[in-house]
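Next up is one chain by itself, shown in structure tokens, the form predicted on its own.
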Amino acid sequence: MNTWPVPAPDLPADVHPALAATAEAAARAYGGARAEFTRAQLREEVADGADGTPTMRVDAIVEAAIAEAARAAGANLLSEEAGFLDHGSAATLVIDPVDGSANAATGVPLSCFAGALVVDDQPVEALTVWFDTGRAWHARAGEPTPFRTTGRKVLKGANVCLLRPKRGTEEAWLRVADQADRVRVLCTTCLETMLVAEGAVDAFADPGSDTHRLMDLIAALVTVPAAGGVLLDLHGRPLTFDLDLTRRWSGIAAATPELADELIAVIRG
């Protein structure tokens, strides 16, 4: 059992009430799940999600709490396990209930809640909460944040987070690693893109595996540009709001457009 408590999120006062309610519900549910279930039980696959991937017990527990909070707040919900829950609102919460599910299940303290508020089809506000610390990153589209990217423009000597190498991406992965000063593999895209936004690392990249779904990237789509960086797809595909959870991207978050362009060029060879 992982008996360390999960703190309440430390949220700014001006977070949209629906985003705040779902983040707080997620933290409570995750804390309760860690207290009740063993690591093996939390990691057990209990269903197939709406995105076509297996659902771990930890995901199912946290998403159920989020779904109830979204319903109470009167907002629609698009989530990886439940799919689209229509509550008749112009506002939709696009949420990854537990990003870094394997970390969360086994007790590695690198997992988070991440979500964005979409009005009609435009993401307008984002919130990411690091479960094990309660630390939060909040941003609104078009408004600067109090945190900033590093401003780095070149890959040589950069600190980079990479998605773990998957079959077919090994050579691209190594090309980036050969030029970077340091590479980290944290297995939680939503948290890693926040580290880009606040200047802890220079970039994050999926080197071509097309792993990312909308909810993996939509919080970063608001937060990273608000902090001075860019969020792109490796192949130039637009990241747009869509109820089709089979769509995939290879996300690139970088401190500057110049660094993003170089990363893309190196990955694509």
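Bear in mind the structure is a predicted one, so any value in this text is a computation, not a measurement. A residue's number is simply how far along the shown sequence it sits, counting from 1.
Heads up, the form predicted together with another copy of the chain isn't pictured, but that's what we're talking about next.
Contact check for L186: a heavy atom falls within 4.5 Å of another copy of the chain in the predicted bound form. Proximity of G83 to another copy of the chain in the predicted bound form falls outside the 4.5 Å heavy atom cutoff. In the predicted bound form, at least one heavy atom of P5 sits within 4.5 Å of a heavy atom of another copy of the chain. L110 belongs to the set of residues with a heavy atom inside 4.5 Å of another copy of the chain in the predicted bound form. When you look in the predicted bound form, the only residue of K153, R140, R71, R164 with a non-hydrogen atom within 4.5 Å of another copy of the chain is R164. With another copy of the chain left out of view, the stretch that reaches within 4.5 Å of it through heavy atoms in the predicted bound form is, among 115-123, 72-80, 88-96, 174-182, 174-182. With respect to another copy of the chain in the predicted bound form, the three residues A23, D233 and R237 uniformly fall beyond 4.5 angstroms at the level of their nearest heavy atom. Contacts to another copy of the chain in the predicted bound form (heavy atom within 4.5 Å) from stretch 201-221: V201 only.
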